[in-house]
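Let's start with one chain on its own, the form predicted alone, as structure tokens.
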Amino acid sequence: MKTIKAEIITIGDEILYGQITDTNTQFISQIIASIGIKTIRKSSVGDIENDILRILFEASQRVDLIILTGGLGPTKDDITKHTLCKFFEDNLQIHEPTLKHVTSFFEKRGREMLEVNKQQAAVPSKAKVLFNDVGTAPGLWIEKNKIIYISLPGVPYEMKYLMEERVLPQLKIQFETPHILHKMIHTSGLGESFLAEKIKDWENNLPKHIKLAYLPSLGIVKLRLTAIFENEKVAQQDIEKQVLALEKLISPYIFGYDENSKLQQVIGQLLQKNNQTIAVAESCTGGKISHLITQISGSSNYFKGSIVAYSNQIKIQELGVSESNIYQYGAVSEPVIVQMAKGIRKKFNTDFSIATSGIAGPNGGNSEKPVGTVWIAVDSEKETKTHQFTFGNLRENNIELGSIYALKMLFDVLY
């Protein structure tokens, strides 16, 4: 079976200048990989016609599928459609269903539609229109010399809609691709290199049709198992067998599986299942833990609230930390963090609590407590768990790592 190769091209000066973050290529490569299409190159090009023409020609020499995003808007710097016409020796024509949609779009919002907006409905005559229900710029599908060219809006939510609702179903019909099965294992508490060392024998003995990928981020390493198969049932059984073997090696570090398994989401599910509640007292993490918890819909069922006790005075007044402990041990210490955790749990009357105190940096450290020193406590009626971490010199990383490891400590207690 032939491997279908794809190239993704983003168009726009704003991407090259770093004024916006390109999330489109990540999404597109992930969604086409789910149906067995391999992205072999990602490129970015500015709003310059000759550069776009050159990259289209180069891509056409190496891939079966080219997906472009950006440059389909109504302003003068949006030149993708005109450039496609030049590339395919074509001309623009008004697509009446799209014009009707654009007109309705403006009427419903009580806005005047200008002539430039009407040009959203102008498309290359050789293109098949991918109707855009969530915006005004339609997607375009053009075929030439057995290569498929797809042009999509750069607005992420419009691009995602068109990929999911218009492009992917058609690609499944167009190409015969291998079946691919993914299994994601989410871990925390062990760095990528240490994790790799711990599972190296297991990894070296994986069947040839199952591949492992490491996907590291701050405080978390995802392990992705990918099976390319002809028989889905057999592939599923093979992957499950490998996951069971992996769990025997690293079960203390695993907190979830597959795509929708954020650490705060898994914790929320455990708390809600047991009808339990949580409160948070944060110093060095500055509200980050509370932010992560409340990202999850329904978190009000188990998250009661938090106090960002950044100053020692607030630690004393609001959380009941003793002034003598701060004086004797310092705010970044086990005695203080324990009192913070117990104080917030009592104040909010919850089953569990988290407390953090540390030196986020880049200033404030010393030889005894360098920048990156973070104390974390998890408290319950049954026990208080504490741990001192030493991260690095980067403030944002220390806040992120402190928050993730605090949630991981809570998960270990709950699980």
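We call the rigid core the largest set of C-alpha positions that still match within 1.5 Å between the two forms. Throughout, we count residues from 1 along the sequence that is shown. Computed from a prediction, not measured in an experiment: that's the story for all the values here.
Note that the form predicted in complex with a further copy of the same chain isn't included here; everything after this is about it.
**Q** Have a look at 254, 220, 296, 332 for me and say which one sits with a heavy atom within 4.5 Å of a further copy of the same chain in the predicted complex.
**A** Filtering the options by heavy-atom distance leaves 296.
**Q** Only one of 197, 232, 96, 176 has a non-hydrogen atom within 4.5 angstroms of a further copy of the same chain in the predicted complex; which is it?
**A** Among 197, 232, 96, 176, a heavy atom within 4.5 Å of a further copy of the same chain in the predicted complex occurs only for 197.
**Q** Going by a heavy atom distance of 4.5 Å, is residue 265 a contact of a further copy of the same chain in the predicted complex?
**A** No - in the predicted complex, heavy atoms of residue 265 and a further copy of the same chain never come within 4.5 Å of each other.
**Q** Is residue 314 a contact residue for a further copy of the same chain in the predicted complex, using a 4.5 Å heavy atom cut-off?
**A** Residue 314: yes, in contact with a further copy of the same chain in the predicted complex.
**Q** Just to confirm, residue 306 within 4.5 Å of a further copy of the same chain in the predicted complex by heavy atoms?
**A** Residue 306: yes, in contact with a further copy of the same chain in the predicted complex.
**Q** Quick check on residue 15: any heavy atom within 4.5 Å of a further copy of the same chain in the predicted complex?
**A** Because a heavy atom of residue 15 falls inside 4.5 Å of a further copy of the same chain in the predicted complex, the answer is yes.
**Q** Picking from 79 to 87, 280 to 288, 121 to 129, 166 to 174, which part of the chain touches a further copy of the same chain in the predicted complex when contact means heavy atoms within 4.5 Å?
**A** Looking at the other structure, the answer is 280 to 288.
**Q** Within 137 to 162, which residues come within 4.5 Å of a further copy of the same chain in the predicted complex, counting heavy atoms only?
**A** Contacting residues: none.
**Q** After superposition on the rigid core, does the Cα atom of residue 406 shift by at least 2 Å between the shown form and the other one?
**A** Not so; residue 406 is displaced by less than 2 Å.
**Q** Residue 380: CA shift of at least 2 Å between the shown form and the other one after core fit?
**A** No, because once the rigid core is superposed, the C-alpha of residue 380 moves less than 2 Å between the shown form and the other one.
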